[in-house]
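Two forms, one chain: they're shown below as structure tokens, one block per form, named structure 1 and structure 2.
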Structure 1
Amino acid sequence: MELRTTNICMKNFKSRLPDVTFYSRESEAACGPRGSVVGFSGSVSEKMLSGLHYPGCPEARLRSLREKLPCREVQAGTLLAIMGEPEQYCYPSIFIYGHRATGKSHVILTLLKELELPHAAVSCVECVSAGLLFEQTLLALFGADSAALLPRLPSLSDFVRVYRQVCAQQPAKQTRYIVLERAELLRDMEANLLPGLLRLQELVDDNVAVILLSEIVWDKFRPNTGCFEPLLLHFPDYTKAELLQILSLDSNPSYTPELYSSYINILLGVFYSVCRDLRELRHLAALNFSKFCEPLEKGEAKEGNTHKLWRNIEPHLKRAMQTVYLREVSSVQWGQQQMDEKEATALRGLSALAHVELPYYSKFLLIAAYLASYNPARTDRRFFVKHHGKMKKTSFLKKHEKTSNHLLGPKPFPLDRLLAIFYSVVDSRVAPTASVFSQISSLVTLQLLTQVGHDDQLDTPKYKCAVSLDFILAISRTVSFDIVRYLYDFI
């Protein structure tokens, strides 16, 4: 009898949705998880894209809904079709899933608030127990007096009893909705909680629908003992064009919308391949827009000169891409770092070289070359040999030197000395393979090393290091090597 009643309700529900296709189990491969998955025919998509429709709702309110739900009209139209008219029974449970920041909570809560439908929005993150979930649900639907009727440690049966008791005094004139965000956390609660919520409409004998929002698919939810299958609705990721449309709505009033749209286009060109999270992209857009507008404020460029604006923002976007999702610093601290970089003009001049991506061992070869160029050869034993024996202080004190080696400039050194220092400073055993020698040639090609005095093929080649102290300090930091400890001028 119960199964027959459910089938009759399902037929009545489908009759309200003449344009919505319900895929059967045979089409599981095309639709994803099992159950009743809502899909669209071609005519339906065009119809829903043309606008939202809800019985008894004025056109002005629907127009406001379309403005608040950009690029989600299809999903909003599907939800409105599922909800039906307010006084009609809705489908008992709906499972909405999709990746993070795809508009699931925003769409359903905006529809419920704008259409003034009775609902309870509960975050499962805040509800560490089923009792808190029951309390917040009753509080939002019926008020504080109903929540006070629950015992101290309520079970699902207590919640159903109190709900039926209050519902008898306040019968539903229209569908009540219970929205559970981060519903995947329900799996960690009582075993009977999820199956009970899926058929809550039947248990309380009321016009109520439970909407579950999750980032994982329904197959990860389904209990081994079986349960009532909810209606499944998927929210796909935003496309690049949709992200451009949504983010462009946050335009700065001080500049034209066209400028902000071009800035968002540049931002997506850098970050779209690694990040499609709308919230993270919105945060990055707000964080870097002031840097994008710097040439405009200084009068160095006009709004139409996007090439110059791109050259100014490019290094900052690349730096921000290294900390996507991490939020290692706050927005205020990030802005302060940008201000500090303005003052550090010397380091800014080296930014082009500092961002040269060198292989791991090439960095140590460059460090060894710098040490060989600016340290006297007689000091190598002192710096790089553990048991170097006793050395007289007078022979090593810098006061006997007339001039700093950094003021005299780099001095040439032979290849064997370079390799000896390299094997001493590198933090692992490296065999003298052809790869090491080819990396030395690459450093010469990049003009980081200069080859000198190699006219005779019988002579050992000699080199000089062609980088500055600031540059080698930046390279040393990337491999966690304190080069200052090994420089003769700084002891």
Structure 2
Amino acid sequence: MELRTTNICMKNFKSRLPDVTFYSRESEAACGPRGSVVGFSGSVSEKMLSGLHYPGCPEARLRSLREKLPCREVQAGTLLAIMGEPEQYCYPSIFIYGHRATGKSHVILTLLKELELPHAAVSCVECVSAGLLFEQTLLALFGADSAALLPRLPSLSDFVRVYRQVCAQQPAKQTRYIVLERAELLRDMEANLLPGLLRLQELVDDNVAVILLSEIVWDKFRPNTGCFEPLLLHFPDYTKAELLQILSLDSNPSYTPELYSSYINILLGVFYSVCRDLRELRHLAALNFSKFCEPLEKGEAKEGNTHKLWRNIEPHLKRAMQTVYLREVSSVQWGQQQMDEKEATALRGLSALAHVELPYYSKFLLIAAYLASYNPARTDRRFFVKHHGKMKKTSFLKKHEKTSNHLLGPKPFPLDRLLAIFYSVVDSRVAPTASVFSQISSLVTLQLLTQVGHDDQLDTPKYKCAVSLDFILAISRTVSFDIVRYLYDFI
């Protein structure tokens, strides 16, 4: 009987095709003039309709679903088809992968919530131990009583036992879904957890499906003795047109949607080649919109004058890429700065604060460490011995050693060499007191030096210098030491 009604529903649905709107009116209007998404209500929508149908679900709910999942109709349709009707079996494990912010968890959770299917959504970031994961799963699927049945520090065996026990009391009428977000973290937990979850349906003998979501491809997950292979599903990235369409959805009510979508277009023009993350772009769009509207509010330009608006916003957006995109400046600071109409560069970012105040000898120790790390040991005589005798420039600079040390990174050096260079660069006589040695080890704890090979603490430890060229230049300037003259790469 139920089937009959749904079929009629489907029929009605199809006959009413032309007047179904998918998005709010603003958004469609916004997409219209762009040209890339014209023809939207024609053949495309028909395909989408055929993609998203679910037996036993009223038409109104399906429509609201479609509205909530812009540009993901195909994926949602495939997922629904794989999931099947609630009482039918679903494939034991589904692995969904795709880039960040391509709507993986959004689509699956919206589907499960809207269709009111029993499910448990667990983020593996939160689960530091497998026990937490089991507890949350049971809690969501069967309620608080079942989670209390788990012993302290439960193993997978306990989980399966409790699951079977509770499941015998409440047998499944519908497929139960366990959604695990950021599933790549499962690899770092116990070795039996991932293969166990993949064949959970077989182990608990219930109609349950495990859905794993991850950014990383399945090939990096496979254990070395193999496992039950999940069904792989890819969520493709949004195209530029789709990004435009989605970002245009949250337009500002006080301006026309056309203006907002032209703003998004400019934003994408600047950022698209660097960033395709929807969340990041959305954040940037929200941050910079007030600046875009500035000329309109002042009355300098009209809405139609896109060129002027573009001239106003473009350098601003480029500056945003160097500051707020890299989190050099926080979004609050960035917003405030726009209010005060200060120059954007006036604000010093996080990386400008990297200057560290150090004691005098520590500075020289760090300089010596830098020289020891980036100069080959055989050039020490040339740099630091006063009367080093004849040393031909041609033999000193061998041609085949053209690759710069600043490209290869710091080399490790022994403590003796560090001290030798230190004594030669520091002018006054310094006694090798305990304080000099303790300064070296405190430089290690400050992570300005790193110790290489932890096998030998006392006898000839080796170090690497872990600071950048800019940092060491600033340090040597404070003690008026010209470090560039002593660097092999710059001779």
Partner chain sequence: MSKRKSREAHLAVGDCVAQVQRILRERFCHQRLPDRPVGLESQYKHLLELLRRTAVHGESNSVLIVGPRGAGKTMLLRCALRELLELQEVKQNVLQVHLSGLLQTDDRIALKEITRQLHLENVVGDKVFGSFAENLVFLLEALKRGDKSSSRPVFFILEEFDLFAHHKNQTLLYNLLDVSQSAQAPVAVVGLTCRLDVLELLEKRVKSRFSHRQIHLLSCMSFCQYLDAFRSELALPDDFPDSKFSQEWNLNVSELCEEKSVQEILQKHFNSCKDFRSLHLLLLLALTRVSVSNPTLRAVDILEASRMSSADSKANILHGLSVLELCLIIAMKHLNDIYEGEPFNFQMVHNEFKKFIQRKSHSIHNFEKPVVIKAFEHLLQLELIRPVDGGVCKVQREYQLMRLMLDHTQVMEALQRYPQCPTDVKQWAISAFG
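Here, rigid core means the biggest group of C-alpha atoms that superpose within 1.5 Å across both forms. All residue numbers here refer to structure 1's sequence, counted from 1. Quantities reported herein were computed from a predicted structural model and do not represent experimental measurements.
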Of the two forms I pasted, which one is the form predicted alone: 1 or 2? 1
Align both forms on the core first, then report whether A420 has a C-alpha shift of 2 Å or more between structures 1 and 2. yes
Once everything's superposed on the core, is L69 shifted 2 Å or more at the Cα between structures 1 and 2? no
Rigid core superposed, CA of T379 - does it shift 2 Å or more between structures 1 and 2? yes
